[in-house]
Ligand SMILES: C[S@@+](CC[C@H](N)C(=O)[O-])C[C@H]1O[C@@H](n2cnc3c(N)ncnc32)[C@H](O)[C@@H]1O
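What follows is one chain in C-alpha cells, specifically the form predicted on its own.
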Amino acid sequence: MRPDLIDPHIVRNSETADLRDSCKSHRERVMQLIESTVSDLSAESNVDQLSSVVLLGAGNCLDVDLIRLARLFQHIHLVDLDVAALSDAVADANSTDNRLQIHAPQDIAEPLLAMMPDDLSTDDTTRLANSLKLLSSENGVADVPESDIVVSLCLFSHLVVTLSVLLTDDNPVYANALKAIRLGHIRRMLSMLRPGGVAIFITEIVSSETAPKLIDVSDSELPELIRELVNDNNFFSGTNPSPLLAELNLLSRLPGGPETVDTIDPWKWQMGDRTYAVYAMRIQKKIPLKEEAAPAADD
C-alpha cells in the first residue's frame, strides 16, 4: 500500500478523534439501525445473541457504541487502515474483553491503495481491464469469517477520495473506475456475510459546504432537499442512490446476491462544524435454494 494514499485517512482520523460528542445523534441512528437488524435476524434464527458483526471503516468508532454492540454479538470485527485509531477505540471500550477483534491495516478496496495512475491508463488496455476487474471483485478480508451483519460505516466516500488522487473526474476512465469500486464494495460486503445475513451500507451524500440548507433543514424536509440536490448534481461523487440500486438489482440475479434491499430514510450528521446528509441501505443476502432429492430409480 502506498503511504501517500494511506496518510490522508490517518490524518483525518487524528483530526476527528475528539468529535465523539458531536456525533452522538448520528451514532444513535446507526446503532438503532444495527439493533433493529439484530432483532429481525434473531427472530428468524430464534437466538438471543448473534455470532458476529463486521464494521468496515471503523476508524475511531465515532459511528458506533462498542459496549452496546458487545451485548448483541459474540464477536465484533473492526476493519480499517488505521491501527492506532482502532486500538484507541478498543482501549476506550475495555469492558468488552476479547469480543473486539482488530483487522488492520486493511485495504478494503484492494488493490486501490497500491495502485499507480498507470494502472488506470488507457495507454495499456489490458492492464486497465485487469485493474477494473480487481477493483470490482468480491475479495473480502481474508481473516474475517462469514458474519451475520456487515456494516460499511461511511467508508465509500473515502474510497472515492482515494480514487480522485489517481484520476481526475474528467478522465475518461474515472466513471468506470468509480463504478468498479462501488460494485466491488457491495460484492465484498455480501461475500463476508453468511447466507441470510444483512449488509448495511451507510454513506454521506452531501455536506453543508456545498449545501448550506442542510444546517437548518428539518428531518421531515431532508428527503426532499436531497432529491433537489441530486437533481442539481450536488452530491459526493458516486453516492447517488439510483446507480447503486441499479447495480444491486443486477447482483440480485446472481446466487449469493441480494434477496431484498431496503432504503433507509436519510438523517443529518453533525461532524464538528460541518453537517452531512447520510442515507443507508439494508441488503439481505440470499439463502441458497435446497436441491430436491433425485427420485429413486425403479428396480
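For clarity, every value in this text was computed on a predicted model and none was experimentally measured. The first residue of the sequence shown is number 1, and the count goes up from there.
What comes next is about the form predicted together with the ligand, which is not displayed.
Peer 1: For the chain shown here without its partner, which stretch in 246 to 254, 233 to 241, 28 to 36, 57 to 65 has non-hydrogen atoms within 4.5 angstroms of the ligand in the predicted complex?
Peer 2: Looking at the partner contacts, the answer comes out as 57 to 65.
Peer 1: So which of V173, L81, L193, L222 reaches within 4.5 angstroms of the ligand in the predicted complex, heavy atom to heavy atom?
Peer 2: Contact check passes for L81.
Peer 1: Work out which of L229, I186, L100, L113 lies within 4.5 Å of the ligand in the predicted complex, going by heavy atoms.
Peer 2: Exactly one residue meets the criterion: L113.
Peer 1: Does at least one non-hydrogen atom of D119 fall within 4.5 angstroms of the ligand in the predicted complex?
Peer 2: Close contact is absent here: in the predicted complex, D119 is far from the ligand, nothing within 4.5 Å, heavy atoms only.
Peer 1: Given that the partner is absent here, does Q106 sit within 4.5 Å of the ligand in the predicted complex, heavy atoms only?
Peer 2: Yes, Q106 lies within 4.5 Å of the ligand in the predicted complex.
Peer 1: How about I76 - does it come within 4.5 Å of the ligand in the predicted complex, if we only consider non-hydrogen atoms?
Peer 2: Judged by the heavy-atom cut-off of 4.5 Å, I76 is well away from the ligand in the predicted complex.
Peer 1: Mark Q284 yes when one of its heavy atoms lies within 4.5 Å of a heavy atom of the ligand in the predicted complex, and no otherwise.
Peer 2: No, Q284 is distant from the partner.
Peer 1: Can you confirm whether H9, N13 and L153, the three residues that make up this candidate site, all sit within 4.5 Å of the ligand in the predicted complex, judged by heavy atoms?
Peer 2: Every residue of the candidate spot has a heavy atom within 4.5 Å of the ligand in the predicted complex.
Peer 1: Mind listing which residues of 203 to 222 have a heavy atom within 4.5 Å of the ligand in the predicted complex?
Peer 2: Contacts from 203 to 222: just E204.
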